Ligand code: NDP
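Here you get one chain, nothing else, as structure tokens; it is the form predicted on its own.
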Amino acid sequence: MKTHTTTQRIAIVTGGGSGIGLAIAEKFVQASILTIIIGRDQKKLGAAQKQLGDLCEPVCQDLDDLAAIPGLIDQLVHRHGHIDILVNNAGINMKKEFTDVTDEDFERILHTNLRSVFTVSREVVRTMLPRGKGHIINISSMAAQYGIPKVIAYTASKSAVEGMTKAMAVELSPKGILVNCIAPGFIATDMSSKALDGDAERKQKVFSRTPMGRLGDPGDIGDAALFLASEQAKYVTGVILPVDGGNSVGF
């Protein structure tokens, strides 16, 4: 069992093995926060751990298995004593015409992007309440800021995450737990290149309505998450923070 000084901050980043999650984990590790990255791809987690070093602890777990989550969080708290920060970043997308989306498709996206976020948050909050402090950061999307075609289930899930952020903030902030959300714009990751590279029209639209005229860097989301988890943000809760080069207000 690892032991840490009581001042060692401990973070969990779901989907921390690649993309935005990895960038958030990297910023946390650079700030000397011990960061537990949870994902379902052992290879990606191993590579991330190698890149980030001793302050990164990989945990291979499929968060779609809701029944396993309480035991997982118990185990992590037993090992580390406490959790200071939770970043709910794990998520999946699916691009399909509205009428082609099956009930199973819709349910699958909601299960991963919403239900597991709730269950992980509930279990982590239970461990934060006795300490009277903690930070929860949810990751949303431009899909919740305005309508995007062909991602109905993803949009529904991310809109729900934003609503849940506000409800959690109102209920938990009086107890010392601050809850915020980051809505990334179009960030240069594998997930976005999959969505944009084969779709010239969508790519053109993204650039034309982003005032800064370029994709964001995963590290931009990492910086925002580090800020929201810091003392500098001690009077910030219930906020949906677009980090998007102006995309959400672009015309």
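Note that the structure is predicted; figures quoted are calculated from it, not measured. In case it trips you up, residue 1 is the first one in the sequence shown, and so on.
A second form of this protein, the form predicted in complex with this ligand, is not displayed here; the remarks below concern that form.
- Proximity to this ligand in the predicted complex, taken as heavy atoms within 4.5 Å, picks out 183-191 from the listed stretches 28-36, 197-205, 50-58, 183-191.
- By the 4.5 Å heavy atom rule, the three marked residues 62, 91 and 112 all count as contacting this ligand in the predicted complex.
- The closest heavy atom approach of residue 18 to this ligand in the predicted complex falls within 4.5 Å.
- The closest heavy atom approach of residue 141 to this ligand in the predicted complex falls within 4.5 Å.
- Shown alone here, residue 209 lies farther than 4.5 Å from this ligand in the predicted complex, counting heavy atoms only.
- Taking the partner from the other structure, this ligand in the predicted complex has a heavy atom within 4.5 Å of a heavy atom of residue 41.
- Annotation for 144-183: interface residues with this ligand in the predicted complex are 154, 158 [heavy atom within 4.5 Å].
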